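Next up: a single chain in C-alpha cells, the form predicted on its own.
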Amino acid sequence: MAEKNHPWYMNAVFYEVHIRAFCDSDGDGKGDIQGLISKLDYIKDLGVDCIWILPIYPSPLRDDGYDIADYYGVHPDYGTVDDFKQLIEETHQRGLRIIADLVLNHTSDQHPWFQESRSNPESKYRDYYVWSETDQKYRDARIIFLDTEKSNWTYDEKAGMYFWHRFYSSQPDLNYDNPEVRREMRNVMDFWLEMGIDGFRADAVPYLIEREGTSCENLAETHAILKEYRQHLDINYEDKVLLAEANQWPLDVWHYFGNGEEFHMGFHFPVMPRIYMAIGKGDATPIHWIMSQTPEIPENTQWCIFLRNHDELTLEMVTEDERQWMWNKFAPDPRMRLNLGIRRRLTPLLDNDPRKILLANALLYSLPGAPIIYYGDEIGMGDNIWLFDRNGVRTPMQWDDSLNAGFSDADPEDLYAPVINSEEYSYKKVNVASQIQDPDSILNKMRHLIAVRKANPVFALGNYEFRSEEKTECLVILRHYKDVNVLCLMNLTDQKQTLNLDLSALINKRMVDLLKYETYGMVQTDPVKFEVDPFDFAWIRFD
C-alpha cells in the first residue's frame, strides 16, 4: 500500500489487460469480461494493485477498439454493462483497482455523431469534427501512422469536404474548440466514474487542438481543456486517477502534470527503448542520459514506466543512428518493424533469456515511477509478426497446455487470433499452469520482484542518484527515502563485473540483500567490493 501521506497510485504496480486476449468464458473464441473476472485471483496473486483495461466500447474494431462507435456501452463480444459493473465490484472485493481507456481525441467513422456530421451540414454534429474545404491546413503536423496514412486529411464524398484525423482515416478527430464536445466527453467520464472505476488512462492527449503554423501537439489550449477535466474530477470524485498517454519527450510530458492540477500520472516513453539499448550494448549510458533529461515533477504526481505494451515499441525519441541500431539488433526481419518502432514482445526482444528478462524488469523497478506489466510478459510469451499491424503482441493469453492454451473452448479456427504455437514460445512450453509449479519460473521470480518492490516504498517514492557512472558495464543506482537507502546493482553484460563503491556516507550500516534475504557485513571506510554475475542484479538495503 502507498504510505498514508501518499495517494494510492504513487506506489502501485499496474497490469495491462486486453480483454479480447485474456480469457473466453462463453466459447466464442474471443476473451470477455466474465473471462477476466474468472482470472482476477491470478492477477491478485501476481502482486499488482491496479488493472488497466484496453477499450471495451462498441466499435467496428478497425483499430482494436480505439475506434469507438458508442462511449456509453460495452461491445457485445465482451459482454454487457452489467458484466462490467460486476467486474468493478469483484476487482474491488480483492483489494484491486481498475482503470479504463478514455479515448478523447477521436471516434470511429461509424459513430452516430460522425454519420450525422457528414450527412447534415445543418446538424450540431457538423461542428463535432474538424472539417475543411482543403487538405492544405495544418501542414506542420506530422503523420503518426506513416505505414498506412499519406495525409492527416481524408476527403468525404457525402460531406464534400475533408475531415482531420491524426491516426487512421477511419478515426476522425473530435473538434475540441466546440464547448459541446468538451461537455460531451465530461459526461462520458461521469458515466464510467459513477459506475465505480478508479480512473482513466487518457489516450493520445497531445492532439486535441489544431492551430495553423504549429505541430498541433502539446498546445496551451489542449492543456487548458485537460485541466478542466482534472478540476471536474477533483470536485466530484475522490481517489481517482488520470494517466496521460503523451508519447513525447519528458520535458513536454512535464507540462501534462501542470502544477499538480492536470494529470496525476504520465507515461515515460523514451526511457523504455533505452532499457533495451543498455542491455543490448552492455552500456548504462543511454539510461544515464535519458534520466538527465527527465525533470522533477510535482509532489503527488508519478511517472508510469513500462517495458512493453499493446502498441509497437516506439523509436520516435531516439536518434536516427540509434533507431537503425535498434532495428538491426532487435528487428532484423522487416516484418518486425512498424511505423517508427518494433512490433515484438518483451521476451523475443531479449532472446528468450530469463537472465535478461528479469534484469530488464529489475532495471525498470529500480527507476522512479509506477511500473506497468503487459499481460503475458510475466510468463515470457512470444509474438506473431505475421498478424496485421500491432496484433502480433495481442495474441491469446497462455493459461495451460490444453487446447487453445486454456484461453477458450472454441474451435481453434474460431479464435480471434491464433495462439502462439511456434517451437520456442509454444503454449505447450510457455503457460501459467506449468510456471506456477516451477519455483524458478519467470512468473514466480516476477512475483518475488514485485513483492520486494512493493514492500520497499523507497523505489516508488524515493530520490535516486547514479553511482560509479564511469563503469558503464553496470548500472548503479542509490535510492533514498526518509532514512532508507537501497543500492541497485545491475550488470548489463555477459561477463562478471567487479564494482568498488565508496559507501562511506553509510558507514556502520549493515548490508541486507532484499532479494536473497542475506545479510552482508557492515560498511567500512574503504570502498566496498561487489561482484555481479552476467546479466544479474542485486538490491542492497542499508540497515
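Note that the structure is a prediction, hence the values are computed from the model and not measured. Sequential numbering from 1, following the sequence displayed.
The next section is about a form of this same protein that is not shown, the form predicted in complex with alpha-D-glucopyranose (GLC).
When alpha-D-glucopyranose (GLC) is superposed onto this form from its pose in the predicted bound form, none of its atoms comes within 2.4 Å of a backbone or C-beta atom, and the site is therefore classed as open.
No member of the trio 479, 485 and 542 reaches alpha-D-glucopyranose (GLC) in the predicted bound form with any non-hydrogen atom inside 4.5 Å. Looking at 280 to 288, 327 to 335, 82 to 90, 304 to 312, the stretch with residues near alpha-D-glucopyranose (GLC) in the predicted bound form, meaning non-hydrogen atoms within 4.5 angstroms, turns out to be 304 to 312. A residue is said to contact a partner when one of its heavy atoms sits within 4.5 Å of a partner heavy atom; residue 145 meets this definition for alpha-D-glucopyranose (GLC) in the predicted bound form. Residue contact check for residue 210: none of its heavy atoms lie within 4.5 Å of alpha-D-glucopyranose (GLC) in the predicted bound form. alpha-D-glucopyranose (GLC) in the predicted bound form is approached by residue 171, whose closest heavy atom lies within 4.5 angstroms of it. Within this chain, residue 343 is remote from the site of alpha-D-glucopyranose (GLC) in the predicted bound form, having no heavy atom within 4.5 Å. Checking 240, 390, 223, 137 against alpha-D-glucopyranose (GLC) in the predicted bound form, a heavy atom within 4.5 Å turns up for just one residue: 390. The contact residue chosen from 111, 394, 274, 453 relative to alpha-D-glucopyranose (GLC) in the predicted bound form is 394, the criterion being a non-hydrogen atom within 4.5 angstroms.
Contact residues in stretch 219 to 251 (any heavy atom within 4.5 Å of alpha-D-glucopyranose (GLC), taken in the predicted bound form) are limited to 245.
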